[in-house]
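Okay, so here's just one chain, in structure tokens, the form predicted alone.
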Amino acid sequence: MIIKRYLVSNMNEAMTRIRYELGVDAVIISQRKIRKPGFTGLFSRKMIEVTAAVDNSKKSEKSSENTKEDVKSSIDTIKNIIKNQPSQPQTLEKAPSGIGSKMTAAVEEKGKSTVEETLLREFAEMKSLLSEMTANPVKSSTPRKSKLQSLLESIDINEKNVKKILADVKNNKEEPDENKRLKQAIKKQITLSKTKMDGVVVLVGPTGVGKTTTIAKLAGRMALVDKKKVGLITVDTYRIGAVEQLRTYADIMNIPFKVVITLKEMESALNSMKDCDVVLVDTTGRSSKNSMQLSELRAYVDKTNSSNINLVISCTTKEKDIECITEGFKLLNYNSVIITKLDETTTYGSLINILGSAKKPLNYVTTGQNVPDDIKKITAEDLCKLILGEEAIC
């Protein structure tokens, strides 16, 4: 049994360290809030002391020992059979004296010799098997996972990306520290967008990922913080309340707003906003499996002549759906990704999965419902810390 104590700032950090050092089989024994020792600890915030334990017994060794014992037992049994072998086979009746007696004795001797040879040969085979097992202990049928692999799987990084990261860690011979090698490997999987948010910017994506709220955050950030002249266009006339929601934001920020229903209206709306630094276009949420709907949406996107098309996808999206969404929306030629709802999950491995599946750079992340505060650019370093549990969103 291995027992360790950890002094951490939050439970997310504690779980990550416990899984990394003790593995996924570790259990938390206790947790309590304490202050750092010394005079300075009186004025600092409380830390969390977490005690965890793991049973380090190896089933494979037990299995190997049991197998060896079975072989030894079999060998002892064979020895006893040979030792107690009768000098005359019991099934042969005593023959009369003379020629018949000599023939019977010959048969008996031959039978005895055959039995002994068979037993001795089997004994030699078992002895050889025992020697081989001693030299090469029995291995478990399922290979034991490394601590790094268990850690990466526990934060929801998929198998494909886990293999890539582990390969990068293994091949990095320059950095002696394993934790630094891990961070470097994760950063290699992260690409950040360098595209400027100017001209026409289009947001596309499935339903329910927060496109309308995200576009309101972008409009607020650019109009109020970056002091740009911003225009808003929406094509989302299907969802009840979507138009009014965006109109309300536009009125609050005092920026022009247009609703587009036909392709001709799209052209007219863009012409009316030629003097804007940025024109943000909100589109209707579509299923990535419905190619007809996507083709219809593509006509509107193509009409904008935009070179800045962003796929909006939620961080909480299931692993199997990520591949379907990123592949389906490639019909719209998106060139960067915005990942939303980071505040609604506790593990962030899906960030790596989304970027790996889309093969496009990350533009923005959103971290809550507040407009325009909860949207930001994020560095690869901060994203790496978030994924490994060293930092938390909330």
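Fair warning: this is a prediction, and the values are worked out from it, not measured in the lab. One-based numbering along the sequence shown.
From this point on, the text means the form predicted in complex with a small molecule, which you will not see here.
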Residue among S288, T304, T317, T212 with a heavy atom within 4.5 Å of the small molecule in the predicted bound form: T212
4.5 Å heavy atom contact, T367 and the small molecule in the predicted bound form: yes
Contact test in the predicted bound form: D343 vs the small molecule, heavy atoms, 4.5 Å: yes
Any non-hydrogen atom of P206 within 4.5 angstroms of the small molecule in the predicted bound form: yes
is_contact(Q245, the small molecule) in the predicted bound form, heavy atom dist at most 4.5 Å: yes
Interface segment, criterion being heavy atoms within 4.5 Å of the small molecule in the predicted bound form, picked from 47 to 55, 329 to 337, 359 to 367, 27 to 35: 359 to 367
